[in-house]
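What follows is a single chain, given as structure tokens, in the form predicted on its own.
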């Protein structure tokens, strides 16, 4: 009896495994029978519609070992459509493709500048609701139309749609610019006291250029920083950034200072119902170029150069803070999130969007020269 019961349990187990496996096989699809969307672009269009662009991998072009040039264009298939909503556009493009579209490998979501200024909350919401979308997708804003970015065929990259994603990953690895993925961007859209940012890119004939940073208030782009200001923003907001600073002394000596390490500390001060902040930046770097007749081995001269570098960097960081705080009036730094986390009752009494432009914020910076290079004279 026990043997029969044991045999029955084994039989039931086998039937369950076979049934589940059969369901998996019946719903599976060979990789060559999918259309992989690698980059997605969204622009505004007349009559309150969207212009949607998909860049799909072209498997037939990948067999050619000669990459670059005109071959880059053949590695991607571009589809464009106009629609009332994004999923309608998805189905319009699906009707023109041979295989089912798959969004699980989207590397970059590119949004047109006009769309960004009108509001992108609807686009981000749709993107995050789809079950198969990749929430680690990079989000960038195009200078001009997003569709133009997807049409770029870079020479170094064989699979053109991957070019922008890999370029952004390298920038993120080098800590050069502030980057947000779609999931992080969506969280900040719903996080009071911390407005999101996104890199801006511009299309050339066969290359893309990173041109600056888009600043958002709620889901609308309210301003942008140029390439140099973007680096100072990253330095101030995250205590990171690989950048160079050219300085000149009162005697006419010029130096190029490369930042190699930053330590950042932010202090929140409260006096009654008033708050203020102190941002402390300890910067270390190297002299990578010098035009001077004096020796950097002279400790007094070296100290004077460090002071010039300190003053120049602090001046630029303060100017950037003033521009963001008073001109654009957005808390892209996330100071409000600190107040909300530490003093929730006080936060409930504040109107941060109205209060932030007048909140006292003090930036203190100290720069140190760590290396003089192989030639220190």
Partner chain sequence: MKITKIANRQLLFILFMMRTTVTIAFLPVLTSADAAQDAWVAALFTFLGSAVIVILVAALGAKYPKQTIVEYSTALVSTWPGKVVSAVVLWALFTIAATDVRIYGEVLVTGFLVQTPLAVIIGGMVFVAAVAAWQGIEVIARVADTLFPLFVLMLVLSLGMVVPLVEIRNLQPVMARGLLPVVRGSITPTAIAAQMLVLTMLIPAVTEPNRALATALWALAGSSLVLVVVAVVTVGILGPEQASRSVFPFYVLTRSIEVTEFVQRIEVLPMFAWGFGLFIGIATLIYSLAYGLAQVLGLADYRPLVFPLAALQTTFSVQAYKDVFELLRFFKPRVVGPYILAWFILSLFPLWAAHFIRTVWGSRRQGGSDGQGRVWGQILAVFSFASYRPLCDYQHRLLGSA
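The structure displayed is predicted, hence computed values, not measured ones. Numbering follows the first chain given and starts at 1.
One more form of this protein should be noted, the form predicted together with the partner chain, which is absent from this view; the next part is about it.
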Check your understanding: When the partner chain is placed as it is in the predicted bound form, which of 189-197, 249-257, 275-283, 211-219 ends up with heavy atoms within 4.5 Å of it?
Key -> 189-197
**Study point:** Non-hydrogen atom within 4.5 angstroms of the partner chain in the predicted bound form for each of 104, 125 and 340
**Key:** yes
Practice item. Consider the chain as shown here, without its partner, and state which of 183, 266, 262, 86 has a heavy atom within 4.5 Å of the partner chain in the predicted bound form. Key: 183
**Study point:** Contact residue in the predicted bound form, chosen from 291, 303, 135, 174 - any heavy atom within 4.5 Å of the partner chain
**Key:** 135
Point to revise | 4.5 angstroms heavy atom contact with the partner chain in the predicted bound form for residue 238 | key: no
Review point. Within a 4.5 Å heavy atom cut-off, is residue 96 in contact with the partner chain in the predicted bound form?
Key: no
Review point. Within a 4.5 Å heavy atom cut-off, is residue 344 in contact with the partner chain in the predicted bound form?
Key: yes
Practice item. Answer yes if any heavy atom of residue 298 is within 4.5 Å of a heavy atom of the partner chain in the predicted bound form; otherwise answer no. Key: no
